[in-house]
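Take a look at this single chain in structure tokens; it is the form predicted on its own.
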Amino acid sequence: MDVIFRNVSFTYDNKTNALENINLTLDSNLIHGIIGPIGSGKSTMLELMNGVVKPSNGKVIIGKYDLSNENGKFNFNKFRYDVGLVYQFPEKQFFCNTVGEEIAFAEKIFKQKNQDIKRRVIDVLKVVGLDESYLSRSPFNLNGGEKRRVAIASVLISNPELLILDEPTIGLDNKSKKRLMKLLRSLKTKYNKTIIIVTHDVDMLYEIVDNVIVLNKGKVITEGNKIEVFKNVEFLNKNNTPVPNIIKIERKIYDKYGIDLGYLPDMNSLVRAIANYKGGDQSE
């Protein structure tokens, strides 16, 4: 499901420009990351993609849905079924007393048969790495990583084509973050989901996204392949945008030792490359 912004601007109270003339296409079956400093327009872009607000000018089109249609001539319930949003704080989207009821909530709205709902709930729990023992537990009493996975499961139950996550790693320890990244990769590769992540966590983005969009002062200042975007350190620093730690380390190694390790996909790869280089150097 493609996401298209055509000449999109958004103004709060007819005076504050949150977004200005955004032209952007986020292709299907990829993981996209949206980053930028505070006040860059990330939250507004998320609200536009979620159908919460409409653009002041231009069009926001997600798949077959024109979210800028002034007459609102599309089925918003169907849109919500096809586009899933996982909030920054998962507990804010919980309504029910148990995990099983929470995940089944969307399906009940669409009047699915009870026996089908239970099967689908169990299936989607397995997808996010949780077992049937969670069905009777309160979603409010889970740890941060478990809450995030239940929130994702409650969205996946409707099998959306597009999944949007707002700051998904906030409050997660490193182990939970790794599990989340593994899950998101799986959703893309095994289930052909299009995923959009709005976050400040550039280290997580560097490991899992395909493309990066950088916002500043309501404008897209650069976009493209993650390595091409993140390796432009001076440009990112100039625009108050954080640089992934792996890029910083590679730069320091090059500046101090003249060793060009290239741009590696994750920290484990970097550690192996350093170890292999030292080994080769010692054997000479």
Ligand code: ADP
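Worth saying up front: this structure is predicted, and the values here are computed from it rather than measured. We number the residues from 1 along the sequence you see.
Keep in mind the form predicted together with the named molecule is missing from the figure; the text below concerns it.
Peer 1: Taking the named molecule in the predicted bound form as the reference, which of G63, P37, G51, P55 has a non-hydrogen atom within 4.5 Å?
Peer 2: Spelling it out, the residue with a heavy atom inside the cut-off is P37.
Peer 1: If you check N23, N276, T16, N268 against the named molecule in the predicted bound form, which one has a heavy atom within 4.5 Å?
Peer 2: Checking each option against the named molecule in the predicted bound form, the one that comes within 4.5 Å is T16.
Peer 1: Name the stretch: of 40 to 48, 254 to 262, 227 to 235, 25 to 33, exactly one has residues whose heavy atoms fall within 4.5 Å of the named molecule in the predicted bound form.
Peer 2: The contacting stretch here is 40 to 48.
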